Ligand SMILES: Cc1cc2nc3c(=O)[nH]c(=O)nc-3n(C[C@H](O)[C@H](O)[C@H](O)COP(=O)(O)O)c2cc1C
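The chain below stands alone, shown as structure tokens; this is the form predicted on its own.
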Amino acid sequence: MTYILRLDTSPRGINSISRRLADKVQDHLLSLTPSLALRVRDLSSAELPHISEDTISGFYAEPQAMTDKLQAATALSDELIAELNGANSLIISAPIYNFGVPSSLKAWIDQIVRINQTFSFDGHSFTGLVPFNKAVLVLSYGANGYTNNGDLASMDFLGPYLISLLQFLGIDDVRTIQIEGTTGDPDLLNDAMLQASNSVSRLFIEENK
């Protein structure tokens, strides 16, 4: 059975705004296609290792050069890529940390961005190899000003980076749910949460026709 792959990155658990919004995206996608299953990987608690010299060597080694050591070094990458390739679509929930992606998500990215596995290069151009086409990013920002050309828009290395990366891997249809001010006034946050929640169904209006 094919599935939606969901990646959560905030370590705040039930207190995470990005996770709460991802719940709504998840429920909406499952309501549109009830036959889909769900697979959740909590990167905040998975403690994926950073890639090592052996990992990189294994990524580029010819099959006949794959020693036991290199196979062990790339085993996690093989597992994560197989999980990604088996999905129907992808949900990533992530807060912005120091203007970029959480380190747990970056560790996952470094394990799955792999030549001849999730992308290819023919000497002239790159081609994404991920077999599905849809992803939803659920992004939270502690301060205001990152979206809608706000004062901090030039410091947003979360959303633009993830969109570019997923498109590089062949996922052309990348949609976003964003919420700002998660560390600010609670009343304003409640309003922002309502607006973001209402935007979930609008992301998939074409599928509902």
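Numbers for residues come from their place in the sequence shown, where the first is 1. All values reported here derive from a predicted model rather than from experimental measurement.
Omitted here: the form predicted together with this ligand. The next part is about that form.
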Taking heavy atoms and a 4.5 Å cut-off, does Ile96 contact this ligand in the predicted complex? yes
Closest heavy atom of Thr183 to this ligand in the predicted complex, within 4.5 Å or not? yes
Is Pro160 close to this ligand in the predicted complex, meaning a heavy atom pair under 4.5 Å apart or at it? no
Hey, in the predicted complex, does Gly142 get a heavy atom within 4.5 angstroms of this ligand? yes
Mind telling me which stretch in 115-123, 97-105, 67-75, 128-136 gets its heavy atoms within 4.5 Å of this ligand in the predicted complex? 97-105
If you look in the predicted complex, which residues in 7-34 sit within 4.5 Å of this ligand (heavy atoms)? Ser10, Arg12, Asn15, Ser16, Ile17, Ser18, Arg19
